[in-house]
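Quick heads-up: the C-alpha cells below are two forms of one chain, split into structure 1 and structure 2.
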Structure 1
Amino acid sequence: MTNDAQPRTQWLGRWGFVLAATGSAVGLGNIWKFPYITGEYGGGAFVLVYLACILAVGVPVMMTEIAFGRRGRGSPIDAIRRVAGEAGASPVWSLLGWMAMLCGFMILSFYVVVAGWSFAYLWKMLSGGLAGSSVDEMAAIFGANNESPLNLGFWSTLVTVATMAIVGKGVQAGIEKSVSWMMPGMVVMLAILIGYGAFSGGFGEALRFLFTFDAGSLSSEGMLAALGHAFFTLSLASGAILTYGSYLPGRASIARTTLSVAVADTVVALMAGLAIFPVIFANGMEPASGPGLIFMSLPLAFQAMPLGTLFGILFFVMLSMAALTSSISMVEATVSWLTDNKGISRRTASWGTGIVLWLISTLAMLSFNLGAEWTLAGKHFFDWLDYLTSRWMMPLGGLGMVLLAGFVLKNQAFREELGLSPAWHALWLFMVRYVSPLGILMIFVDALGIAKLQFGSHWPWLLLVLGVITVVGELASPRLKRAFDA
C-alpha cells in the first residue's frame, strides 16, 4: 500500500465486493441491451465472440482497475495519484482518475432517466397501463411516457433519491447490505422467468439462437459490437470498479475476485437471453427488435401469456433492481472523493451530489419533451452525455489505464498487489500491454468512424493484422524480456 493512503472502510468479505461489482456490471446493459444486440448480430456467433472479448479485454482491464484501487486506497483520483507517485511517475496521470470520476457521474446523469423507464413500466404493469394490441400501440405508450416532463421527471427523481439514500448509508450498511439481497433476488426472478420460458413453446428455438455457432452470421460490425459491449458491461473506466476495489480487503485474491465478477456478469446476461427469447419466439416476434425489445415487444408478449401480468411484474421488478445496483456504483467515486478530500460526512456528500445530479439529469430528461428542440450539432443534451462518455471518455480512460499500468509504472507494485505466479503475471502483463490496448483502440476507432470511411467494413481486420505484426515484432525484441523483469 502507498504511504499516504488513509485507513479505509472495507467490504465485510470478498463476496461483498463480488456482489457489488456484479451489481455494477449487471445493469440495464445486460438485461436490456445484451438481448437485443444479440438478436441484431446473429445470436450464438455473437455470444461466442462476446465471451472471448470478456476474457481478452474485460478481465485484464478489471484486474488492473481493482489493483489500482486497492493499492491506492482512495477515489480514482487519489488512488492513481498515489500509485503513480510510488513509482516516481508524473502526478499528471491522476487526470485519468478525474476523467473516470466525471465519466461515471455523466453516465449516471442520463442513466437515471433510462432507469426511470424501468420503474415507470413496473407501475404500468401493476396498474394495468400496458394494455396494447400491437407494437405500434406499445410504441405510443412508450412515447406518451416520455412526453410528460412531470411523469418522466418523477420516475428519474425517484431513482436519484433511492440511489443517494443507499449510498449515504455507507459501504457496508448501504451498498453491501443492499446488493446482498438485490443481486440474489434478481437471479431468482430470472430463474423463475426461465422456468416459465421452458414451457412456453419457444425455449428450444431460444437455445438454438443463443448457442448455435454460425460464422456466416457474424459481421465485422458484430465483432466490434461484442468487443464494445464486453468492455462497457463490466463498468470499466467509469470509476466504479476502481473505487469498489479500494474497499477490497488485502487478503482477497484480485484474480479470483475478477473472474467471479466476470462469470457472474456473463451468466446473468445469458440468463436474461434465456428468459426473454423464449417469450419472443413463442409469440412469433422478431428477436432483432432493437432497443424496443424490452419496452415494446416484450410487454406485448406478456399480454398473450398465461399469468403474463405476474411474470411481467417480476420482469420489471428485476429490471428496476438491475438499474439501481448500477446507479449506486456510478456515483460512489464522486462521494468517495468528497468524503476523502473535503472533510464532509458521507450523508452530506451523497445528498449534495444528488442535488447536482438531479439538476443535470433534469436537463437530460427534458430532451424527450420540453427540450426536444434544444439541439447542438443535431444532438440533444441526453445524446451528448451518452456520446461523450461512451465514445470518448471510457475508451480513452481505459486505454490510459492499461498503458499506465503496462508501460509506465514499476512492475513490482502490480506483482505484489495481484499476487500471481510468474507465468500468470506474465500473461496478465502481456494482455494489458498489447491485447487490451488493441481491443480498446478498435472500439475507439470504430466510434469515430474514420477508418470505416477510408477502408470500408474490412478496417477492423486491417487494424487487427497491424496489431499482431506489432506484437510479434515486440516479442522478438530483447527489450521485452528486460521490461518484464523490471
Structure 2
Amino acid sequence: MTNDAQPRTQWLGRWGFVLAATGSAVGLGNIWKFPYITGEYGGGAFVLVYLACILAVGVPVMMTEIAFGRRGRGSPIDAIRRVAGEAGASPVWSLLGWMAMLCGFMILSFYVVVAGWSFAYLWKMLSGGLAGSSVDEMAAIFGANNESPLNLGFWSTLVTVATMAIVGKGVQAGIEKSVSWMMPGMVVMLAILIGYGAFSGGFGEALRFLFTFDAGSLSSEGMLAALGHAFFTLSLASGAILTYGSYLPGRASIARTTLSVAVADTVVALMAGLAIFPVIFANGMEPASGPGLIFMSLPLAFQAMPLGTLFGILFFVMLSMAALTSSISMVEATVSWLTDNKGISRRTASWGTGIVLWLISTLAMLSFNLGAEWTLAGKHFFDWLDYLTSRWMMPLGGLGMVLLAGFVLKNQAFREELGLSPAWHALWLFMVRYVSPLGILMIFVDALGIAKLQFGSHWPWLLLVLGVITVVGELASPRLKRAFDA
C-alpha cells in the first residue's frame, strides 16, 4: 500500500519504524565516511569525541525529533509549526523545519555520487575489473572511475532514479522489507572482514589507531567533524528522522526505539573501522587517503580471501542497499511536505524533487572531473555540500530543536510523547536543556576560534562548573519543579 491518499499512514509492522530509522541511520556514513574521517583526524581521540557526541547530543536530539514528528504528524515544517503553535510559541520556529528539509536535500545531492561509487564497484566486482590489482593500481582504478563525467554521472543518475522510484511508491513496504534482511547481512559481512583483518598483520595497529586516546592529535576541526558526524550518522536535523517519526504509532516507546537505532548505528561504524584499518596498515596505505579509502582498501582484502569475489559482490550489494535505505529517507521530508501542502500526488512530488536533485547532484559529480578547477576557498562544490551540512546546518538545527523543546515549549507535550518515568524524563530534560546545547556550543565556540578548547586549558572546565551550578540551581528552583509537574 502506498501512502498516496493518506500521508499520515503509520508504519505497517511493529518494527517498521525501527527498521526504517535504522535503515536511514546505517549507510555510507558508517562504512564510507566514518573510517575516512577517523583516518584524517588521527584516530582514537576522534573516535572518543564522536562516541561522546552520540551519547550526549545524538540520543537526546533523536528523541526530541521523533517526539516532534509524532506530536505534529507532518513534515518537519508542519510538525514543528504545529507543536510550537500548540504551546503558543511563534510559527517562526518552523524555520528549523525548512533548514532540516534543505539539509536533507543538500546531503542527498552529494550522497548519490558516493552511492554511485558503490554501484560502480559492484559492477567492477561482477565484471572482474578489480582482479589482481596492486595497492597502486587500486588507487588508479578509483581515480579513473571519477575521471569520466559520463561514467560517474551514469552511476549517480542510477541512484537518483532508484531513490525516487522507491519514494514514489511509498516507503513502507520497500524499506520495511529490505532493511530486515539487509542489516543482519551487513553485520555478517563486516564480521567476516574483521575475521580476515585479524590475520592480516595490521590488526594490532588498527586497534591502537582506533582506540588509543591521544588528546594532542585532536584539532578543533576534528571536534567539529566528530560532532557533525554524530548528526550525520544518526540522520539528525535533516528531516529524515522527524518525518519517519510522524508515521510512528502512538504506543511505541520513543526512548527504546532511539536506543536501538543509536546502538545499531554505532556498532556498524566501529565494525567498519575494524574491518578497514587492518587492511590499510597491512598494505602500507595511508589512513588519511580521503573519500576513496574504502574503495581502495576493501577490494584488496577481498582479492586475497578465498571466495573473495563472491564476498566482494555481496559486500557491495549490501553497501548499495544501505545507501539506498538512507537516501530515500533524505527526500521523504520534501516529498511529504509537497504532498501535504501542494495537493500533488506522491509520485509527481517524487519525480519533481528528483529532477532538481539530479541537477544539483550533477554539479557535485562534476567536482571530480570537468569541474576539478571550480573551487571556492579550496573546496569543491561536493565538499561544500558536505561541509555546510555536517559542520554547520545539522548541529545548528539540532541546537534549535533542543532549545525549543527544553525551554520554549510546554513540558506536558513531551511528557506525553516520551512517556518516560519522572526520573528518566528529568534526565532527558537535563540533557536537552544543558548537556546537548552546551556540547554543541562549546564545539562551535572552539571552531570559530572564539576560545580554544584544549584539553590542557581550564576554560572548558570553567564552563562545565558553571553549567553544573546552573543546573543544580534550577533543579532546586520552584520553576523547574513546576515544569516537571506541568
Ligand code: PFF
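Predicted, not measured: the structure shown is a model, and the values here were computed from it. Rigid core: the largest C-alpha set superposing within 1.5 Å between the two forms. Counting starts at 1 and follows the sequence of structure 1.
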Two copies of the same chain, shown separately. Which of them is the form predicted on its own? 1
Superpose the two forms on their rigid core, then report whether the C-alpha of residue 231 is displaced by 2 angstroms or more between the two structures. yes
Honestly, after the rigid core fit, is residue 353 moving at least 2 Å at Cα between the two structures? no
Displaced residue check between the two structures: residue 322, CA, 2 Å or over, core reference: no
After aligning on the rigid core, report the distance the C-alpha of residue 204 travels between the two structures, in angstrom. 9.1
